[in-house]
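Before any questions on how it binds or moves, here is one chain, the form predicted alone, in structure tokens.
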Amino acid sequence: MTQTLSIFSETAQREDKFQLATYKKYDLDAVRGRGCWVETSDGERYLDLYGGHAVAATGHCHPHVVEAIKRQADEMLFYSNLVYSGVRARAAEKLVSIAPAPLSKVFFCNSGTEANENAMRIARLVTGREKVITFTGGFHGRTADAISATAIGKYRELGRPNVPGHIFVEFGNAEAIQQAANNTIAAIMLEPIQSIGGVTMASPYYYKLLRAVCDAHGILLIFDEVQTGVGRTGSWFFAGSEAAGGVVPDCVTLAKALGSGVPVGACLTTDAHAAHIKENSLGTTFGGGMLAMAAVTATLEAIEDDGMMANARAMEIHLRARLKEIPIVVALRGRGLLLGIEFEEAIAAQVNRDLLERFHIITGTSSDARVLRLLPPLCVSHAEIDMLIDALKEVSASET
């Protein structure tokens, strides 16, 4: 008797046969999504509190974003930066309009790592210097310069031979950054909240210190907001926020949520620094493509129109209050909906598995074995947060 494979089994076998095995995957296939929920080929539903690595900020298949993409696909999928484009102009104007002053110019690319590479290049072009300071626990991407700027050891090993000129300083250590900074440094680049590093952030004083150090030595300050940007922390950017002590860097990089799943990255900078950028200083074939630009504008409109930043702040408050009911939880790190649940012991990976297998809730881990990461769509509701709490109570009972 011939055994018929399930749709999932057939999909998994086909992917495993033809695709490089670069990711450890969950035993599920995602075939459709709405809001904070994804559905598999066998009809199973999962509460997605990870958002596909912080990408699905507007929720899966937000109708305004979907309609904008469909409409643009009917008009023109792509043409390069050799031509002007109304949809690109609108996306650039919208993005600059929500950015804190004096950020006023944008370079569109395809991903977060590419945005970070170009931010470092801008800093080198502006200053005429080569060295870049980054921080322990920071992650900036997997392309050559970005992975060399990443201080998490396993990634730097993957990136060998590393690009020279990268200096690492302990994140949050005021004395260390003051000693490392001098007039040979082009840029200081950091994730203002280190996501994969365990959802770690510094005090407002530290970001103010970084700004002062950069100003004193003619160094460009770069905020890698690939995860913190586009409303995730309860404001459009971490830059300029109260948590940042009001500090606005010289460059901000974005990606992840910027296109609601359509690949796109961006690097914002000032008019003064943009004056150093000439023809062919930066370049990308697909960056600024029409389909991606339509997705950017629609994403920003959806977040704004649906009040998602206010919701991110409210859901953080709700989660903090409810987590007090879980005895194995010692802290909630982060801000808005870039959050890390810190446990008493190194059990985050096991909790992640339990939530997925027993309760159909998708979460994430980090390089800190005690920290479970949450990066849900910004439309997540009280009821969906409560589902997580109920599941964590059961997991907690089995762990004690």
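Bear in mind the structure is a predicted one, so any value in this text is a computation, not a measurement. In case it trips you up, residue 1 is the first one in the sequence shown, and so on.
The form predicted in complex with a small molecule exists for this protein as well; it is not shown, and the discussion that follows is about that form.
Among residues of the shown chain, Y207 is not one whose heavy atoms approach the small molecule to within 4.5 Å in the model of the complex.
Although the partner is absent here, E117 sits far enough away that none of its heavy atoms falls within 4.5 Å of the small molecule in the model of the complex.
For R232, no non-hydrogen atom is located within 4.5 Å of the small molecule in the model of the complex, even though that partner is not displayed. Contact check for F139: a non-hydrogen atom falls within 4.5 Å of the small molecule in the model of the complex. S111 is the sole member of T127, T200, T297, S111 with a non-hydrogen atom within 4.5 Å of the small molecule in the model of the complex. Taking a 4.5 Å heavy atom cutoff to the small molecule in the model of the complex, the contact residue among A292, V226, V132, I219 is V226.
Only one segment in the set 168 to 176, 139 to 147, 99 to 107, 306 to 314 has residues whose heavy atoms sit within 4.5 Å of the small molecule in the model of the complex; it is 139 to 147.
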